[in-house]
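This document starts with one chain, in the form predicted alone, laid out as structure tokens.
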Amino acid sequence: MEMEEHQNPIMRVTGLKKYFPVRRGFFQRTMGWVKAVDNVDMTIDTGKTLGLVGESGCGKSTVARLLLRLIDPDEGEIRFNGQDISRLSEKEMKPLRKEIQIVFQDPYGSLNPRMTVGQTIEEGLRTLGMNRDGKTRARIAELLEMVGLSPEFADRYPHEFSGGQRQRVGIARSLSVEPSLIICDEPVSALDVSIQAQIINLLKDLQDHLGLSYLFISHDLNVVGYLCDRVAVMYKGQIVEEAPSTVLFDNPRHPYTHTLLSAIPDPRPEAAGLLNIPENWEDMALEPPEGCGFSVICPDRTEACRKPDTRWVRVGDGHYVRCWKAN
């Protein structure tokens, strides 16, 4: 079943695939392939936030790198404002780089320690042709105020800031080129809990003020539920469920989504071992089972789960699941 048409998409992804070879031995022969992204479909609506959630290693960050065209897809199509960018050369992508920006997970590692905050932001302004000293300085001050920092901080270096302040600098840098889509790759996971709320509220305010669109990648379901309009759940390279955030949290339909939402540490001994995980689970990344990848440990699995083609099932208004039992 095809997903319903979105009214105003800024980015539409269909059939996206990226496999990485696994090489072993002296001659580094290819022994298998890791299906990091396997036939992913997703749509980001203009002025809205799509959350992408899943456990570590499921392929979320690879999706981000593909959408930014930092790596090339093996198959599939990436449409940005109606234009297919999946096969553009680096030269052809250059004018579009300012339209699609990223906020990184590590706010310190993403900043050049030898450049002041003002110099960091100024790099983006140069791409817009803003070279006048007075005008550039005023714009840097405006961007710093926009993210809740004093314009006086422009002459300081990254090591002089806290983690939350450095992330605000990273956000100001991404805003300097006036993007329409920002990919947030776990932007608060490296911050203290008290600071996370401030950054999330800042992102929300900026979206309301500037009309930004976000792809918000995270494993923190509480943050995703607060910030995102829709949520896509990713498991081993595939999107297994997508729905409006309130619907997904109130009525999850895929067994893996149930597992994610119930993944809260429980001190009770009887609560351990709810999933029967096989000993060779890690090796299955190279030789995944046919059909639903979650079927190996799914408590509700049947032989029908091994069918090679797992299609989308519509279970409600805008709610889709890759599980035949959801019917």
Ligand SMILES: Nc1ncnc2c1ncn2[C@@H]1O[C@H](COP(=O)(O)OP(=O)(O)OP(=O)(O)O)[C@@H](O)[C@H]1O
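Numbering starts at 1 and runs along the sequence shown. Bear in mind the structure is a predicted one, so any value in this text is a computation, not a measurement.
Below, we refer to the form predicted in complex with the ligand, which is not included among the displayed structures.
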Please name which of the stretches 290-298, 254-262, 57-65, 39-47 has residues with heavy atoms lying within 4.5 Å of the ligand in the predicted complex. 57-65
D229: touches the ligand in the predicted complex, heavy atom cutoff 4.5 angstroms: no
When the contact criterion is heavy atoms within 4.5 Å, does D106 count as touching the ligand in the predicted complex? no
With a 4.5 Å heavy atom cut-off, would you call D220 a contact of the ligand in the predicted complex? no
Give a yes/no on whether E186 approaches the ligand to within 4.5 Å in the predicted complex, heavy atoms considered. yes
